[in-house]
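Read on for two forms of one protein chain; each stands alone as C-alpha cells, with the labels structure 1 and structure 2.
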Structure 1
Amino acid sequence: MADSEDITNIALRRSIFYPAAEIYSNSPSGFWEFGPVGEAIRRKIIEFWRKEFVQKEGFVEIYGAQILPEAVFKASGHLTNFNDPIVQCKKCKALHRADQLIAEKIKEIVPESMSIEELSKLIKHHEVECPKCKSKEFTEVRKFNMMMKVDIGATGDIPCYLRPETCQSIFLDFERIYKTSRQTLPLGIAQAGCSFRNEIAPRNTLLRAREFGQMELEIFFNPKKANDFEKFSTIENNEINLMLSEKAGITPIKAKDAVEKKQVSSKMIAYYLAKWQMLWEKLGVPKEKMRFRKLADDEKAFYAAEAFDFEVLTSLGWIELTACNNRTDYDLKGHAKESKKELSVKEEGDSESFIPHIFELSDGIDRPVWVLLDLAFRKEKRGPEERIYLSLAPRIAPYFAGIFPLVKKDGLLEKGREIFKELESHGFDLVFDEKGSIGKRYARIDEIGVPYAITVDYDTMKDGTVTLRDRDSLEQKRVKAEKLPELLWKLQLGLEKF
C-alpha cells in the first residue's frame, strides 16, 4: 500500500500533477496542473463516467458558465451558508479553520452544525494551540465565505461569483432542458467542469484544492413516483456496501432489502447507489474498499434530506469521493422564488403541478485521480532492487501499451515505428520509446501504469513475432505482430486474460 508521500513523489517526478505556476516562488497553494500522463488519466475517468453513467442511463449533459451572477447564490443559499469558521492567532496572525483545530486536538469530528460561539468556547475549553507558533490566544471565531468574487463590467458594477459547485448551472438550466429534451421525469442532467472554493487551508494535494473538477449528476424526479422505477429489478439483488453508523460498520445489503428496510428511501435512489458502486469497481476500486456512509442529521449539507457519502479506503484512510444527496425541492424552489419563474412541472397522469425533487451524485474529478493512483500504487522488493508500478485499470491507463525497439539499428527502429503506426490506426493510445536500456524503458512505463509493453527484437525481423509483457505479472509471451490489434482489443475489453 502507498503512503501519501509516494503519490506526491511519483506525481512530481513524472509530471502527473504538480503545483500551478510553480516556477514562481510565491504562488498560492491549492491550484494544480495535470501533465500529459495525469491529463490522460483525468480525461479517461471523465469519459468512462460519461459513457457508463450519463449515456447508458439515458441522461443528458450540459456545459455551463463558471461565472454566475450574485442572484444565483442568493437563491442557492451560498451567500449566507457557504462559510467556514475561521480564527486568527493573536500572536503570529496565522489563520486557521476553527473546526479543524479543535478536531485535531480532541481527535473527534466536529459537527458542521456547530455555531461560531460554540466553537470559540471549545477552543478555550480544550486549550487549543496555534500549529504555527504554539500560542493559545485566538480571536473569536468568525464566518468566512468561501466563494470567489469576480466583478464584471467596465465599472465592476455587476457582482458575480465563480461557482462553488457545478450543479448550480444544472438547476438554472433545468426548465429549458426539460422542455426541449422531450423526456419525462426522472430526467438526469450531468455536467463535468470546474468549481472554486477559497479554502483557507488547502492540503493533501488534489484532495482539497481551491480550483477543482467536478462531475455532477442531478436527477430530477417526482417524489411520489420514486418507487415506480422499472430498472430497479435489474440490480435488486446487487449488494450495496451501506454503513448506517460508525458502530454498525459496513453491512453489505441487497438493494431490495435496503429499500424494504427503509435504509434507502426509494427504489430509484437504491438503483443509482448500486450502479454507482459498479462504476467504481470497473474503475479499479476493490469492493471491500468502498462504502456508502449514511450521514447523521448534524453532518448533512444544509439542503439535504437524505445523504450518503460514497467513501473509498486509501492510504490516508476513508476519503469521500461522492456526495449522494437527496436535495428534495430545495434548489428549484429557491431559484423559482428568487427569479420569479415558474419551475414546476405537470406530466401525464399527475393531478397537480409540482416542483421536481433532486437526487444528486456529486463527484470530484481531481479526487478520483488521486484515489485511483493511491489504490494502484505498488512497491515491490525484487532482489536488490525496488520495483514501483501503478496497477491502474487498463481503461484509465494513460497509454495502453509501450512500443520498444530493442536497439535502434538493423531496421528495428523502423519496424517498431511501423507497428506503432499500425496499432495507432486501430485507435490505441500508445507510447513509443527507443532510448536507454530495455529494463529502464519497462520501469518508466510501469511507473505511469501502462498495462502492456511490446518489444521489437531481432526475432521480429526473422519471424514477425514481438514480446508482449504484462505490467502486473511481469509475464512475457511471443506473439505475431499481425495478431496484435485483435489481441490488444480483447485485452482492453477484458475478453481475454494475459
Structure 2
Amino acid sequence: MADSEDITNIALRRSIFYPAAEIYSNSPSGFWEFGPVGEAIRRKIIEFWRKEFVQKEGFVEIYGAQILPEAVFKASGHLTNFNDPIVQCKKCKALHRADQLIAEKIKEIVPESMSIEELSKLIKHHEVECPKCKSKEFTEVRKFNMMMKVDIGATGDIPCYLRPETCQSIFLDFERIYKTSRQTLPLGIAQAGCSFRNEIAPRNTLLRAREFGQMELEIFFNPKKANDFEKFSTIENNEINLMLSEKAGITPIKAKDAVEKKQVSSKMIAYYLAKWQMLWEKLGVPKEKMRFRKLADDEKAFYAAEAFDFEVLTSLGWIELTACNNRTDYDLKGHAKESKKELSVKEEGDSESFIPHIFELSDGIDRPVWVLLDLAFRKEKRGPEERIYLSLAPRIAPYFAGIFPLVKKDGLLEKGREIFKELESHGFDLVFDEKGSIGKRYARIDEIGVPYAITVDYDTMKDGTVTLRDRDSLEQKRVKAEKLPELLWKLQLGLEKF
C-alpha cells in the first residue's frame, strides 16, 4: 500500500490525473483532470459497474442535465440542509470545516447532526489548532451552503444550480421512465456523470474535490414487498462485512442472518449490499479491507431512514466510497409537493396507489480511482534498483498488454506492428512502444498497471514465438504468436493462470 504522496507522484509522472488549468497560477483548487491513462481506468470502472449492476440487474440508465432550477433543490432540501460547518482562524484568516478540524484532533467521527454551537464548544474544549498557523483562536462556527449557483438567461433572472449529486434527475424522471420502460417495481434507474459542490477546503486530490464524478443507482420499490424478493435466495448465504458500531468492529454475517436479526431492514436491501460487495471484490478490493458501516441516527443524512457507508481501508485509513441509503418516500413526496405533480403509482393487481420508496447506492467515480491506485501501488527493492508498479485488476488496467519490438531494425518493428493489429482486431486494449531500452519500456507500463508485455525479438522471426511477461511475478514464457488471441482472452477472463 502506498502513501498519499506516492499516488500523487505517480499520477503526475504518468499523467493519470493532475490539477485543472495547471499552467495558470491562480487556478482554484478542487478541480482535476484525467490524462489518457487515468481516463482509461476511470472509463473501465464505469463500464464494469454498468455491466455488473445496470445490465445484469435489469436496470435502466439515463443521462440528466447538470443544471437544474432552484425549485428542484428547494423540494430536495438542499437549499436549507446541504450545509457544512465552517470556521475561520482569526490569525491567518484560513477557512476550515469545523467537523474535520475536530475529528483530526480527537480521531473520532463528528456526527452530521451536531449543532454549530456544539461544534464551537468542542473546538474550544479540545484546544484545536489551525493547521496553517497553529493558532487556537477561531471565529464561531457558522453554516456554509455548498450549492453552486448559476444564473440563466440574458438577464440572469432564472436562478438555477449545478447539481450537487446526480440523483435528482433520476427522481424527476421517475414518472416518465416508469410509464415508458414497461418495467415493474423494484425499478432501478442509474446515472453516471459529474456533480459539483463548493467544498470549503478541497484536499487529498481526488478524495474531496469541487467537481467530481458519480455513478448512482436509485432503486424504486414498494416498501410492503421489500421482503418478497426472489433474487435474495441467490445470495442469502453470502457474508456481508457489517460494522454496526465502532465498539463491535467488523462482523461478517450471512445476508439471511442480517435480515433475521434486523441489522438490515429487508431482503431487497441485503441483496444489493451483498452484490455491491461482490462488485468491489472483482475490482480488486480485498474482502478484509471493506466494510458497510451502519450510521447512527445522528450521523445519517437528513433524508435517510437507514444508512450504510461502504468504506475501504487505504493508506489514509477508511475511505467512504458509497452511500447506501434507504431514502423512503422523502424525495418523490417532496418533488410532488413542490411541482404539484402526482407521483404515486398503482401496481398491477393492487387497488391502492402509493409513493415508491427509494434505496440508493451512490458511488463516486474519481474517489474509487484514487482508492484502487492506493491498493494497487507496489514498491519493492530488487538489488540496487527500486521497482514501482501498479497491481491493478486486469479488467480496469488502462491497457491489457504492451507490444514491444526489441529493436526497430531487421523487420522486428514491422512484425511487432503486425501482431499489434492482429490482437487489436480481437478487441484487446493495447499499447505499442518501440522507443528506449526494453527495460525502460517494461518499467513504463508497470507504473500504469498494464498486466502483460509482449516482446518481439529475433527468435520471433525464426520460429514465430514471442516473449510474454507477467507484470506482478515478472515471469516470462515463450508463446506462439498465433496462439496469443486465445491465451490473452483466457487470461483476461481468469480462465487461465499465467
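All of these numbers come straight from a predicted model, not from anything done at the bench. Between two forms, the rigid core is defined as the largest C-alpha subset superposing within 1.5 Å. All residue numbers here follow the sequence of structure 1, with the first residue given the number 1.
By the stated condition, namely the form predicted alone, the second structure is the one that fits. Under the rigid two-part model of the rearrangement between structures 1 and 2, E129 and F221 move as members of distinct parts. When the larger rigid part is held fixed by C-alpha fitting, the smaller one turns through 8 degrees between structures 1 and 2. Look at K134: with the core superposed, its C-alpha moves 3.6 Å between structures 1 and 2.
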